[in-house]
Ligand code: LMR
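In the block that follows, a single chain appears as structure tokens, in the form predicted on its own.
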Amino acid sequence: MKLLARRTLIQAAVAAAAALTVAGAFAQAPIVIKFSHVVAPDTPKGKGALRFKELAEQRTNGRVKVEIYPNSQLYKDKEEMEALQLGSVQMLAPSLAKFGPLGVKEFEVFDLPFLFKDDAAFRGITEGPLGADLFKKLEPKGIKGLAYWDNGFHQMSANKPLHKVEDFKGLKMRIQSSKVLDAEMRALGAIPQVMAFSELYQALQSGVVDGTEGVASNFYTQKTYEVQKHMTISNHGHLAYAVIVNKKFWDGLPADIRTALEASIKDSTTYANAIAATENAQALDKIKASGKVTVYPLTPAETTEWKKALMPVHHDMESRVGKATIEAAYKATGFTAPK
């Protein structure tokens, strides 16, 4: 009996030691953050994500590991938000148009045509109370907003020149899933086509759509300029992203880890916003140098005509976006409707 009891004690001790070893190994395992996005690594958003990875891993001394999945490697536009809510990924940086289909329609205020006269006007929203209020509306959806990343102004492209409003008539134009963008294209006389960003090049190449809107850095890195003949520098819209995280995951992080990640997000946001204008200017120069696209700016008269056609969209979207939200955006940006 004594021998049996002794063996039992030894086995229990061995099991306890093994359990402690396993527990120690798990305790030392890094916290993995899967960060998914739909654009190329060498875009402002792609570079911002890589800078966040670098800072987060450095400042947590390896206790956090950030895995970046660009170019829709894991999920397409429509899929990634659900994946975040389910916890299949922890972080995303979707364009702001993605939150309307999620049920937070107020975010579509960012899509109103000609709302922003410059980057400072855009930051009047994102760095002010309206930007913070919009992030709060995501929390009931299980999403925590961390930062806004700017990527500059939208331009138009197509396989025909787009100078006048009448030039859009009947064109199938790819848009993101936004009722404001849908209304914008219809106001111009075009036929809006909602399509995942990852499918755009092939759709343009095959003629499924005739044109699109976007920023120069995305036109260049996705090579869409190879399958479009004309590009109009219209600055009619603004592209930006929200860096978001699964709220349950975020709230469950140790406080010191969360503090380090907040600092990393803040610094990577400064970096991403700083390079956006430069990256778009360089991309536009490369597109022009390719000789594959005719690039031209709108004249003042053409801009006035576009604005006249598009301003009714602001009023029409009050019932969807909310009149109070639109008025708050006007105040934050200094926007005044043209007479």
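The first residue of the sequence shown is number 1, and the count goes up from there. Keep in mind the model is a prediction, meaning the values are calculated, not measured.
Although it is not shown, the form predicted together with the named molecule is what the next lines describe.
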Which one, 138 to 146, 239 to 247, 265 to 273, 182 to 190, holds residues whose non-hydrogen atoms are within 4.5 Å of the named molecule in the predicted complex?
239 to 247
Answer key: of F197, F107, F114, Y225, within 4.5 Å of the named molecule in the predicted complex (heavy atoms) is F197
Report yes if any heavy atom of N218 sits within 4.5 Å of a heavy atom of the named molecule in the predicted complex; otherwise report no.
yes
So, in the predicted complex, is A49 in contact with the named molecule at a 4.5 angstroms heavy atom limit?
no
Distance check, Q176 to the named molecule in the predicted complex, heavy atom within 4.5 Å
yes
Taking the shortest heavy atom distance, is H230 within 4.5 Å of the named molecule in the predicted complex?
no
Check each residue of 264 to 290 against the named molecule in the predicted complex and list those with a heavy atom within 4.5 Å, in sequence order.
none
